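Coming up is one lone chain in structure tokens, specifically the form predicted alone.
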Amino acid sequence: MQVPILKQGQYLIASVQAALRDADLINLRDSLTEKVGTYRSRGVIVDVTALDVLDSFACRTLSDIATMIRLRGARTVIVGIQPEVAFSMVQLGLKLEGVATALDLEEGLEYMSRRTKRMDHGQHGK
């Protein structure tokens, strides 16, 4: 299943609509990393609202996406982690190391706006 990736201004939005196989997650990672350069995007928002589970491979791949995107000069935020998913992740000890999260797409866009303004003013990092 291919994840639709939309360009919204200087951001890319990937909306995961259903559970993804490992190969789909790898394709998403590769596609986002490539499109950041193609569109000269400043940020990537990955919406996982529709997912009812995030396994260890998905968490690791999302962390990899954030790291790779950051190395390309952009930021990543994961939005829409459902309460049950967050609970399960904590119970299983799964983490999204170094990945920003937000409640929903609206908050994700606000986060990106704040981050890119800071980047424009030379406050890179964090």
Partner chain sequence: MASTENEVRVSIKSDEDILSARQEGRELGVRLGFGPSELAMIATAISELARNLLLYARNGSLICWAIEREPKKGIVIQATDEGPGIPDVEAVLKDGYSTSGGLGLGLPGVRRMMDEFAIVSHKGRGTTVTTIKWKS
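Residue numbers count along the first chain shown, from 1. Just so it is clear, the structure is predicted and the values come from calculations on it, not from any experiment.
Below, we turn to the form predicted together with its partner chain, even though it does not appear here.
- This chain is drawn without its partner chain; in the predicted bound form, the residue among 27, 67, 88, 101 with a heavy atom within 4.5 Å of it is 88.
- At the 4.5 Å threshold, heavy atoms of residue 57 reach its partner chain in the predicted bound form.
- Contact check for residue 109: no non-hydrogen atom falls within 4.5 Å of its partner chain in the predicted bound form.
- The closest heavy atom approach of residue 96 to its partner chain in the predicted bound form falls outside 4.5 Å.
- Of the heavy atoms in residue 53, some are within 4.5 Å of its partner chain in the predicted bound form.
- With contact defined as any non-hydrogen atom lying within 4.5 angstroms of its partner chain in the predicted bound form, the contacting residues in 4-20 are 19, 20, given in sequence order.
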